[in-house]
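Next up is one chain by itself, shown in structure tokens, the form predicted on its own.
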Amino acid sequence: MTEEKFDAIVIGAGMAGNAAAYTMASRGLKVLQLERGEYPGSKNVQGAIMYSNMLEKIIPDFRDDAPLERHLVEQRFWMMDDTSHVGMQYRSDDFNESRPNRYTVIRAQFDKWFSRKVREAGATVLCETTVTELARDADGNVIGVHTDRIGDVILADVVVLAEGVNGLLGTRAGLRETPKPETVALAVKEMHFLPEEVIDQRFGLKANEGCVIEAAGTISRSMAGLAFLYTNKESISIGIGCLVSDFAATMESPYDLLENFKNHPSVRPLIADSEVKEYAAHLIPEGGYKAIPQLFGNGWVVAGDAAQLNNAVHREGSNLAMTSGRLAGEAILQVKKRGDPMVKENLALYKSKLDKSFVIKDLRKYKDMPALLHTNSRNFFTTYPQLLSQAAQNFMRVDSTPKLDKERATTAAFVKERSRWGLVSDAVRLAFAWR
């Protein structure tokens, strides 16, 4: 193994790493993929949403054997206070199409399937292998890796870093800075198991249909955060995440937040009598466009969460990871086909491809949104939900109070909070951030 030289080494076997490795191996490159987990997906027990359009560009016939849970036909968004929620939802039978757009998946199963496809494409995959250091030549160019199980350097023309947001290799090598606490969220998640027919009944589903609920409000205790609930075939993925910097500042317990969300009156009936079998914590990049590091250099490129490629505004990550991995692989293939060296000037093609894709276009469009939500978290995650709940309850509660008096009370509450927290300023800035 140590005497071989590979066309490319991919570090990590998540969405980005598998996409990059498959793209290159399926087109004839000699690829080595290294994963520190016991098997691909062993560190990802949680459920997730998989976007079919992005995977179709890599494996067009993935539906034939991929471990898909449910195709999504309904999306709900809740703004919650302590005892209620104000919601909006969209459901359409159009999503019961022959090639559905979104699926829920369980990452441990899906990543293992994806890795099998990588092997079938011709790549060599080694698990339980930690890359300890990038190997460099006398000029500082990356020429391979050192690992904890193979003594000598493993050589390659290029190294793809897809090690996740908390990967240490890139930061130790000086290729990117350590992510700041305000640009990373910590999400805690549980898997609640229920019979398939019970899930169908509780969510009004049938025939592998799925539903997603995303929720914000007082459940995050004034921190910038989001809770979620995904329906799988025989389980429900439920979790909540907030910025690491907020957890540090407030000393709130992530586990307590999750317990509070699970016991909310709107959530508790949905998971009643379920069996909890898995609990996990996961770091998620939240910095957006302004947190993206240098993406390429002499002998290396970085993709997926390691590159902060996550759309926090639209809660999208796996599609950006798969697309960035695929584009990294395609750029490397083109450089290789031309017979050019894997130097910075040539690997800039990867960045060019990303810039032309939805990945960078979407992140650039909403580049100011993360900072706005994070710096005004009390307004967005406490004050607004409480005002909405109060307004809705005033509207729905019928008593002897004149409607005009109720309207005045609601308006007075809004005016009070507006002067106290600057709500109008928030609304104006939010509108401009969405433009």
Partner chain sequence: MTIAVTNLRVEEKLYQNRYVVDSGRPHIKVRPHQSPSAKLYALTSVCPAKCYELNDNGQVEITADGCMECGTCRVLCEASGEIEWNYPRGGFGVLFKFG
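Computed from a predicted structure; not experimentally measured. Residue numbers count along the first chain shown, from 1.
Absent from the display: the form predicted together with the partner chain. The rest refers to it.
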task: Using a 4.5 Å heavy atom cut-off, indicate which stretch of 208 to 216, 322 to 330, 77 to 85, 356 to 364 touches the partner chain in the predicted bound form.
output: 77 to 85
- prompt: Pick from K336, K117, H71, K189: which has a non-hydrogen atom within 4.5 Å of the partner chain in the predicted bound form?
  reply: K189
- request: Scan S52, S42, T382, Q390 and let me know which has any heavy atom within 4.5 Å of the partner chain in the predicted bound form.
  value: S42
message: So, V276 and the partner chain: in the predicted bound form, are they within 4.5 Å at any heavy atom pair?
response: yes
query: Is there any non-hydrogen atom of A138 lying within 4.5 Å of the partner chain in the predicted bound form?
result: no
Contact of Q89 with the partner chain in the predicted bound form (heavy atom, 4.5 Å): no
message: Within 4.5 Å, heavy atoms only: does R202 come near the partner chain in the predicted bound form?
response: no
query: What are the residues of 249 to 265, in order along the chain, with a heavy atom within 4.5 Å of the partner chain in the predicted bound form?
result: M251, E252, S253, P254, Y255, D256, L258, E259, N260, K262, N263, H264
